[in-house]
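Only one chain is given next, in structure tokens, and it is the form predicted alone.
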């Protein structure tokens, strides 16, 4: 069990000594029991930090945003930024370090182990506790325990836990400056269990499934916005370098390469999602944030899991495993499989 007071003390100490300029963590939110991300800059603010099963956000996203705002970095005096990181968050930070998005000295990782559990899936919770708005959540080793106006309600972990947590590769953050919690064995599903079940369907049925899913996509780009790995200044679907005015000629417009139209048609949606999945190959750490924020519930983890499993089986590569390893696309071994070019 993680000692929350020790976590808060650690955050306050590194702020007070000036070791970091800010700490990114979670605090109790204004929307029911769910926690929300917060950046604190004063030691006394550390008392607001929380850690519980509602801390589902991948906070590595905010490190990415920090690097995009030089003015914000000046507020922190150019000091390192601390982040409270679960296992998947720490793997995301590792990938960003591998890609030289920032240096190791720029980030202070306060690791928190999920131990024998994970975080809640709000959609599952709405099904198992319909019409109930819990005031708090805890884990007792087998069940989630919810405090409600009618007393405690217990729900088996599997019925309320996010799928990404059921299949978690490692709930203990390997990358850390300090870590809270134990490296506890997990006893849920094996990695890629949902993907294996899906692949048991006939190929034609799988294709029909994805056609239906991509037709529902409204191209809101929430999946892109929440992903720490989607940090490109210009996405393949956005034309931000060409400002179209009444004076823009047809030739100028034609010379602008547009790989994917911005309309939310099925064909363009397929192009967007498949391109994004390929860009995440060997980089996705299965934090599941893209699927969590999708307003139409497209199971995006299946796409990303497929690419992750291919990288593992073909190259023995595990995204976010170590900052000492190069990124997948930047590594080469003499024994790499090359059947596709023979």
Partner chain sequence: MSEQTPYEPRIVAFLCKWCSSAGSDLAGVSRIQYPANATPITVACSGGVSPQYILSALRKGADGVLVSGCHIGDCHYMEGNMHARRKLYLVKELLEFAGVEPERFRMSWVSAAEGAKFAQVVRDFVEDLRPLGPQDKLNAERP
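Residue numbers count along the first chain shown, from 1. Keep in mind that what you see is a predicted model, and the values were worked out from it rather than measured. Definition used throughout: the rigid core is the maximal C-alpha set that superposes within 1.5 Å between two forms.
Another form, the form predicted together with the partner chain, is not on view; read the next lines as being about it.
*Asks:* Give a yes or no for residue 206: in the model of the complex, does one of its heavy atoms lie within 4.5 Å of a heavy atom belonging to the partner chain?
*Replies:* Output for residue 206 is yes: heavy atoms within 4.5 Å of the partner chain.
*Asks:* Is residue 303 a contact residue for the partner chain in the model of the complex, using a 4.5 Å heavy atom cut-off?
*Replies:* Yes, residue 303 sits close enough to the partner chain in the model of the complex that at least one of its heavy atoms falls within 4.5 Å.
*Asks:* Does at least one non-hydrogen atom of residue 261 fall within 4.5 angstroms of the partner chain in the model of the complex?
*Replies:* Yes.
*Asks:* Give a yes/no on whether residue 198 approaches the partner chain to within 4.5 Å in the model of the complex, heavy atoms considered.
*Replies:* Judged by the heavy-atom cut-off of 4.5 Å, residue 198 is in contact with the partner chain in the model of the complex.
*Asks:* Looking at 33, 59, 307, 50, which has any heavy atom no more than 4.5 Å from the partner chain in the model of the complex?
*Replies:* For this set of options, the contacting one is 307.
*Asks:* Identify which of 128, 132, 267, 147 has a heavy atom within 4.5 Å of the partner chain in the model of the complex; exactly one of them does.
*Replies:* Only one listed residue qualifies here, and that residue is 267.
*Asks:* May I ask whether 5, 41 and 46 each come within 4.5 Å of the partner chain in the model of the complex, counting any non-hydrogen atom?
*Replies:* No residue of the spot touches the partner chain in the model of the complex.
*Asks:* Work out which of the listed stretches, 106-114, 80-88, 267-275, 156-164, brings a heavy atom within 4.5 angstroms of the partner chain in the model of the complex.
*Replies:* One stretch meets the cut-off, namely 267-275.
*Asks:* Is residue 331 among the residues whose Cα moves by 2 Å or more between the shown form and the other one after superposition of the rigid core?
*Replies:* Result for residue 331: yes, a 2 Å-plus shift.
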